[in-house]
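Okay, so here's just one chain, in structure tokens, the form predicted on its own.
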């Protein structure tokens, strides 16, 4: 059951916490975003403090994403990258898919229409890469800088991501004489006070955070891979490190302004 941790570390050296996360979650893959620590330094720490099997999958660029893995069977070599995405092969058992790491354009400097346009452009890129790599499906993971309910996340020409498994069961929907594949977005289930963890991954009460809590860090599952998806969690603890302050928000003074998320995949179940 592959376990993937994604964390926007807010350009801080959080290496001890990253190692603690890797140990406490038994993560097979660690993905760091907005990271300024050299990959050699992080890899050395993971090997010394967690597991000697950790390695850095082949990549063309490390400008935005740092990826570390300890299970060679997963692959994760980079097959394409752009300024805000990294496409990597992902093998789940005998299924060949893609893992697309995403960092959306930021809320402070881009209005909703611009972020929606970004989603549409990247969605078209994803379709090209899936066909190019003959991939069964793709898992999108990252800091999207959008909430699940934003237009770019759920419009057909955007990421076309729905809130329930049943919504994606048809596989695709037609829009302006073109078919668009559905994605399942399980982050909807983690919103608000009635969820088992924090109400979101980022807290902001300024004019840039109109909802207080936002779910900017997300995982989207292509409809063909939904049966591989097991669980996603928002993490607030890494062994003895508390990533949450006394108000229950990300502790950006000691850790990051984002909570990390943990995605668990597994063997495909019978439909």
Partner chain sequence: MSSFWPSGIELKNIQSPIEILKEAQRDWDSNSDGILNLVLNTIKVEGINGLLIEMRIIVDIKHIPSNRTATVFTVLHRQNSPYPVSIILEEEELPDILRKSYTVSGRKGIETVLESVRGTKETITVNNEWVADTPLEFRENLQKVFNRSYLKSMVTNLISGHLPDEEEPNGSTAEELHGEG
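What you see is a predicted model; the values in this text were computed from it and never measured. Residue numbers count along the first chain shown, from 1.
Same protein, other form: the form predicted in complex with the partner chain, not shown, and the subject of what follows.
Figure note: of the listed segments 259-267, 5-13, 243-251, 20-28, the one touching the partner chain in the predicted complex, with heavy atoms no more than 4.5 Å away, is 5-13.
Proximity to the partner chain in the predicted complex, defined as a heavy atom within 4.5 Å, singles out one entry of 195, 95, 169, 117, which is 117.
This chain is drawn without the partner chain; in the predicted complex, the residue among 91, 173, 165, 103 with a heavy atom within 4.5 Å of it is 103.
Proximity of residue 223 to the partner chain in the predicted complex falls outside the 4.5 Å heavy atom cutoff. In the predicted complex, at least one heavy atom of residue 36 sits within 4.5 Å of a heavy atom of the partner chain. Of the heavy atoms in residue 133, some are within 4.5 Å of the partner chain in the predicted complex. In the predicted complex, the partner chain sits within 4.5 Å of a heavy atom belonging to residue 145.
Within 4.5 angstroms of the partner chain in the predicted complex, the stretch 73-97 places a non-hydrogen atom from each of 78, 79, 80, 81, 82, 83, 84, taken in sequence order.
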